[in-house]
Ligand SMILES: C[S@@+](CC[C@H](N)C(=O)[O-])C[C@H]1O[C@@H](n2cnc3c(N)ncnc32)[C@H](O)[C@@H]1O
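Before any questions on binding or motion, here is one chain by itself as structure tokens, the form predicted alone.
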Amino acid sequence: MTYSPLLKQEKLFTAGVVRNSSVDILPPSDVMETLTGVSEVQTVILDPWYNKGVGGVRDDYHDCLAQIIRAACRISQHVFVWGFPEILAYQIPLIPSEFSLVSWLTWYYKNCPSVIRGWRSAQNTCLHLASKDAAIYPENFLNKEQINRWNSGKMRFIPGPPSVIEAPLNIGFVGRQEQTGHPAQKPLAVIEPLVLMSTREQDVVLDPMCGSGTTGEVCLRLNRNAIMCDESEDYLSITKARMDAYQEIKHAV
């Protein structure tokens, strides 16, 4: 795969290299501009506003999200879309014909501090979409013993990870070492399985709504390349600081 991250934009800066993997951070840009300005990548991770609370509400949200998903499918083999289940359910009939729904993933967390009267939300949904010929890599989840058994022919199939990812929200004292101040930051633990299932080392992952840069740190940890962008200059500053801090830790070890 040719890695040519920028077609219409100039590189803002590149985070330091860890085992030949890098994170390219683009200037602030709308998600559609980013998706039409970046060349082919292996995986796109979309984490849009959820049309409630932070990010505001718009009447054409479902059509807007469908357009974003179609644009992501044009440049990648795998697309992951985050949202609440009652919102993403509308997207199932709108999946591009050349793509299919690989899995309806659930992020389960117990520590939601919701003050809403009634059911307290304890889940987020992520749709895993993939082109018909896209490869998946459940072998990336095997431990050393399982790898040895597989290579020796003693395993009949590769057991993939569960479709429910259990990890607490990064709030209060939970996940303090990861917290950046972003209002909707996802833990590393919920992004890592997406990258592992859809990529090999040195593949390229695009996150055009990167928020605090969780995808970028996951890619550095797993020896993948990442392209990061967001329409918020403040969030991109958080992402840059986070990448720099991770590099300093790695280089100090």
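Note that residue numbering begins at 1 and tracks the sequence as displayed. Computed from a predicted model, the values in this text were never measured in an experiment.
Not on display, but discussed next: the form predicted in complex with the ligand.
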property: 30, 186 and 210 all contacting the ligand in the predicted bound form, non-hydrogen atom within 4.5 Å; result: yes
property: Contact label in the predicted bound form: residue 231 to the ligand, heavy atom within 4.5 Å; result: yes
property: 4.5 angstroms heavy atom contact with the ligand in the predicted bound form for residue 217; result: no
property: Contact flag, residue 203 vs the ligand in the predicted bound form, heavy atom cut 4.5 Å; result: no
property: Residue contact check: residue 48 to the ligand in the predicted bound form, 4.5 Å heavy atom; result: yes
